[in-house]
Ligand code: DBV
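Only one chain comes next, encoded as structure tokens, the form predicted alone.
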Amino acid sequence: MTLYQPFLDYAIELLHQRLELQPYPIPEGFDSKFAVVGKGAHQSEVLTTSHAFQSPKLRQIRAAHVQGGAALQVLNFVIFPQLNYDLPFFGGDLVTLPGGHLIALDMQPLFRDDLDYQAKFTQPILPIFEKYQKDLPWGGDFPEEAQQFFSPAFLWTRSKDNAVVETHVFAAFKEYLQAYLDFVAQAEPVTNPEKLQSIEDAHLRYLRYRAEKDPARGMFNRFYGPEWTEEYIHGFLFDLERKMPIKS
């Protein structure tokens, strides 16, 4: 059992309980990828598996799970809503490297500076965020250009203790995901053409940023080569532009 497997198992079970879940197509060659890295005594095996679903209100629910031994564990779990809902993105980045654990959880807003939007989607989850501050303190600076994509309830922490991940981080992950699915249950479709265009623009702005700045790019390049990596990023992890109809 790897460190983040319980997170993935919990998420998939909860999604099945609460949504009309359907498979989301994973392009050939991306459902599972294996590599042997290093040499001699430092040689290790790395397995990356992909999981993807969709539902009437959620365009893509997807996870990338990297298992490379005790010093390399990653679960990137993201939910992208359908473009006719103003729902935020759900983002969970759970990363274990030789130096420790890097944890990021958030419902990433489409419109960070819109006070009505914050009242609708951020205020209700601030109590969850505040509940975990004592055990999961702020993890320090992150890029200024990225701040526009995170909410005031962005849970960002570092730890060297596996037990913290297995208890407090896991509990926070459950509560954030449950709260997100509550938002999904209440969501009503948007019909105003201007609002629909602003939602699409927000999705593309976020996905382009994430694809360009993906922190896993270097790791995947090292394991699987640049060709596989770029296709994985643009053809699966952040695939919206590939999926959109071409506008004349």
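Throughout, we count residues from 1 along the sequence that is shown. If you're wondering where the values come from, they're calculated on a predicted model, not measured in any experiment.
We do not show the form predicted together with the named molecule, though everything after this point is about it.
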Practice problem: Specify the contacting stretch among 135-143, 160-168, 80-88, 114-122, defined as having any heavy atom within 4.5 Å of the named molecule in the predicted bound form. | Solution: 135-143
Self-check item: Selected contact from R62, K33, H203, R59, since only one has a non-hydrogen atom within 4.5 angstroms of the named molecule in the predicted bound form
Solution: R62
Quiz item: Thinking of V95, Q108 and F220 as the candidate spot, does the named molecule come within 4.5 Å of a heavy atom on all of them in the predicted bound form?
Solution: yes
Practice problem: May I ask you to check whether A104 falls inside a 4.5 Å heavy atom distance of the named molecule in the predicted bound form? | Solution: yes
Quiz item: Is N76 close to the named molecule in the predicted bound form, meaning a heavy atom pair under 4.5 Å apart or at it?
Solution: yes
Self-check item: 4.5 Å heavy atom contact, L237 to the named molecule in the predicted bound form
Solution: yes
Exercise. Answer yes if any heavy atom of P215 is within 4.5 Å of a heavy atom of the named molecule in the predicted bound form; otherwise answer no.
Key: yes
Self-check item: Heavy atom contacts to the named molecule in the predicted bound form at 4.5 Å, residues of 147-168 in sequence order
Solution: F149, F150, W156
